[in-house]
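Shown here is one chain on its own, the form predicted on its own, set out as structure tokens.
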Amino acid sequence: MKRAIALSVVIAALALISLPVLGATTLEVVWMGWPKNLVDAQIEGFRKAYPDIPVDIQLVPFNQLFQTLEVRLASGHAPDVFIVDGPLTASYATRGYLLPLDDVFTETELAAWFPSSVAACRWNGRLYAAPYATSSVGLYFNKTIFRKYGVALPSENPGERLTWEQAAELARKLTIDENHDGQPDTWGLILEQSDRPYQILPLAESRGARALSADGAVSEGYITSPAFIEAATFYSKLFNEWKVSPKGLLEAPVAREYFGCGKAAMMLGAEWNISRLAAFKDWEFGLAPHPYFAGGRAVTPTGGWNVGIGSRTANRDAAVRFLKFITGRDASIAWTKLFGNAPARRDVYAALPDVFKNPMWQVLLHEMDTTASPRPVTPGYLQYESILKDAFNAIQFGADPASTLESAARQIDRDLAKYR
């Protein structure tokens, strides 16, 4: 199955490469597969401001985006502009795929973004991308379900967080098999990205573990540390011992649909759900701060999307104009209104007080200020993430956490060796 999926991605990528040339100055942009009508609405201003720069924007679904870019970038047929997952900036920069941008932005312009977002765009002291969006995660809960079963609601006050042990106890109370057929009709807890390091690593960090060596080159002794294995064992118990989380719910939109339709009492999910859950009118939702392990520290995921320019672009000036537009204040405001991502620009929060005074946003803004921890920086992040994702997936389906992580560490360190 993986080989078939990989082949389909290669075919899709090559199909994009073979698209007819639309014009000498047509700007080719590879972008996340967000709804086309929303993306078109966001870049409408660019098309009006620069009618002489046609934009061919190619929307690629999330699960195919990284493999598609790998094929395009390695083939030498890179797009002029492309969206960059934050942790992959170092990988693309190391391999010479990104145009350095140190002369594109002034220090005053860079100050518009969160410093952590700008830091995620640098590698070896040079700027290779511009921040587009950041992110945070909290514990959504269905107030209607909690009240139906007489369970006290979690606090929605920023900083007043459950421990993971308390969250697991709530999940056990709220995993309900109404018709006694052996299958829960309501699950206690689902994870929006149930096998992705983005959401799982903060559990280990809350236990005191590190996800990778400081130089980004070694995982042995980090993902195999006692603290990391303890967190992975807790993760395994959610699916296999306590059976409060459904196995195989791997796609974020499906997880959100589960939660939104009342099939789960709690969901560990990102900020974009604030606007999307509004579509589910039959339920009342709340958002509690991200849990932490008793005796540990509060840690929440963060990081987001950057935007880069292909190092071989023949349309540098047009690409810079597009980059500055799409990461600028007005386009960021438009995207926040259209889609609900957390903007990486600080001035957008000041421009949209009615959006960010929402109590759910207040919880997440507190997390972004106090507990946010980005994913590890390494030029081999794509391999690191892929191997660790497979390990989490195996643990979710019952594999032994310690031996699975030991095997993953050996694979990761073999792949990272070429970067030492």
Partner chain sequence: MFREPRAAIVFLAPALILLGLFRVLPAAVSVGESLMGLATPPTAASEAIGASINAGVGAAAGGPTRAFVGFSNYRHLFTSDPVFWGSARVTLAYSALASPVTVAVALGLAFLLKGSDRRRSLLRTACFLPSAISMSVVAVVWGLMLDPYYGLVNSLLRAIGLPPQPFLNSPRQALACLIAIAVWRNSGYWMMFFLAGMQGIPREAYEAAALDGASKSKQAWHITIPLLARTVSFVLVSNTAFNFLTFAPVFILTKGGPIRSTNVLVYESYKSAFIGLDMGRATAISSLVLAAVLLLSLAELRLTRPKHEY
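Just so we're clear, the structure is a prediction, and the values are computed from it rather than from any experiment. Positions refer to the first chain, counted from 1.
The same protein also exists as the form predicted in complex with the partner chain; that form is not shown, yet it is the one meant from here on.
- Taken together, the three residues V71, P100 and Q411 all come within 4.5 Å of the partner chain in the model of the complex, as judged by their closest heavy atom.
- Heavy atoms within 4.5 Å of the partner chain in the model of the complex are found in exactly one of 375-383, 25-33, 361-369, 347-355, that being 375-383.
- Contact annotation for Q58: none of its heavy atoms lies within 4.5 Å of the partner chain in the model of the complex.
- In the model of the complex, no heavy atom of G221 sits within 4.5 Å of the partner chain.
- Of the heavy atoms in V39, none are within 4.5 Å of the partner chain in the model of the complex.
- Although the partner is absent here, T163 lies well away from the partner chain in the model of the complex, with no heavy atom inside 4.5 Å.
- Along 185-224, these residues reach a heavy atom to within 4.5 Å of the partner chain in the model of the complex: D185, W187.
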